[in-house]
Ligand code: ASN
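The chain below stands alone and is given in structure tokens; this is the form predicted on its own.
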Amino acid sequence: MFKIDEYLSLLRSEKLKRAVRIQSEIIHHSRNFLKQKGFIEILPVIISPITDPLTDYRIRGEIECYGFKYQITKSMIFHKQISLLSVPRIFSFSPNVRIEPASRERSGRHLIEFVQLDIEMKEAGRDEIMQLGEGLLAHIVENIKANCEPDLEFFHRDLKIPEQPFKKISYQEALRRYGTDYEIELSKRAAEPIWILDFPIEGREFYDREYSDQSGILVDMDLIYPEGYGEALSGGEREYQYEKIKKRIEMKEIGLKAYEIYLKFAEKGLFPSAGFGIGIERLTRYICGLSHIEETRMFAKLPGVLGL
């Protein structure tokens, strides 16, 4: 059932008005920062024959037109890699649709439709892209503090510009210290953003690059917000060699036909690269200190709930 009274209450709320205003500043200052670093903004891809598998490639939103089947974008990962054949540094504010379990409705962190700032750098390594991510977050926080003081006061939010470089912890160490809920536990205990590095191959996608000298470990990372706000961004170095990508797809027990088009590009030659995606709504939630991500955007769509 469509809950119009709840929609009207949220749309008329001072909280949403101020969160959306801060979100607009986040987008503005993100663009400025990346353009200063030589990045080119590309338009997002909404539908494509290929999109991010995200653990289970069979869960997808599909449309059919002209006799072709398109998937609704879960992320622009493959398009980011392919776009580097044209320009060496790209970013895009990419709408993503991910069909989350209905049980995540009240997690505070999940939407089935959201916008991700996607970034990719040709011939970059993980350290370089992590440094970029740190600079981006610090730049955003610094400018929000300078330009949105009344809104931050409304939210009772005293933001601290994060000190660089951010602390790091390996996946194995995080798992040992905090158990299977390591991300949430680490986030609750952290006073500053913190990186988690080197995830095992079984839990990530086939496009994350495996260390050449550490079998089963990936050259990837997640950034975790402090204060219990959870994951900020996810990314790493990319597999770009045809045979390695093919092997990784087969390891995931995915039929090669599902990624035939992507494999054709890889066979012709892709560049080594690194990148990440950072959710705009989650960043807005963290900066505003909001309890639920639904409060960060108009027309939010929660898992299992009919949205506008």
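When you see a residue number, it is the position in the sequence shown, counting from 1. Model, not experiment: these values are computed from the prediction.
In what follows, reference is made to the form predicted together with asparagine, a form of this protein that is not presented.
> Please run the contact check for residue 133 against asparagine in the model of the complex: heavy atoms, 4.5 angstroms, yes or no?
Answer no; every heavy atom of residue 133 is more than 4.5 Å from asparagine in the model of the complex.
> Wondering, does residue 277 line up within 4.5 Å of asparagine in the model of the complex on heavy atoms?
Yes - in the model of the complex, heavy atoms of residue 277 and asparagine come within 4.5 Å of each other.
> Hey, in the model of the complex, is residue 91 touching asparagine, heavy atoms inside 4.5 Å?
Although asparagine is absent here, residue 91 would stay clear of it in the model of the complex, with no heavy atoms inside 4.5 Å.
> Give a yes/no on whether residue 110 approaches asparagine to within 4.5 Å in the model of the complex, heavy atoms considered.
The answer is no: residue 110 has no heavy atom within 4.5 Å of asparagine.
> Are 52, 77 and 80 jointly within 4.5 Å of asparagine in the model of the complex, each by at least one heavy atom?
Yes, each of 52, 77 and 80 comes within 4.5 Å of asparagine in the model of the complex.
> Just one of 122, 157, 126, 98 has a heavy atom within 4.5 angstroms of asparagine in the model of the complex, so which one?
The residue from 122, 157, 126, 98 that makes the contact is 98.
> Quick check on this chain: which one of 143, 71, 234, 187 has a heavy atom within 4.5 Å of asparagine in the model of the complex?
Of 143, 71, 234, 187, the residue with a heavy atom within 4.5 Å of asparagine in the model of the complex is 234.
> Using a 4.5 Å heavy atom cut-off, indicate which stretch of 193 to 201, 167 to 175, 234 to 242, 147 to 155 touches asparagine in the model of the complex.
In the other structure, the partner sits against 234 to 242.
> Using a 4.5 Å cut-off on heavy atoms, what residues in 98 to 121 are near asparagine in the model of the complex?
In sequence order, 98, 116, 118 come within 4.5 Å of the partner.
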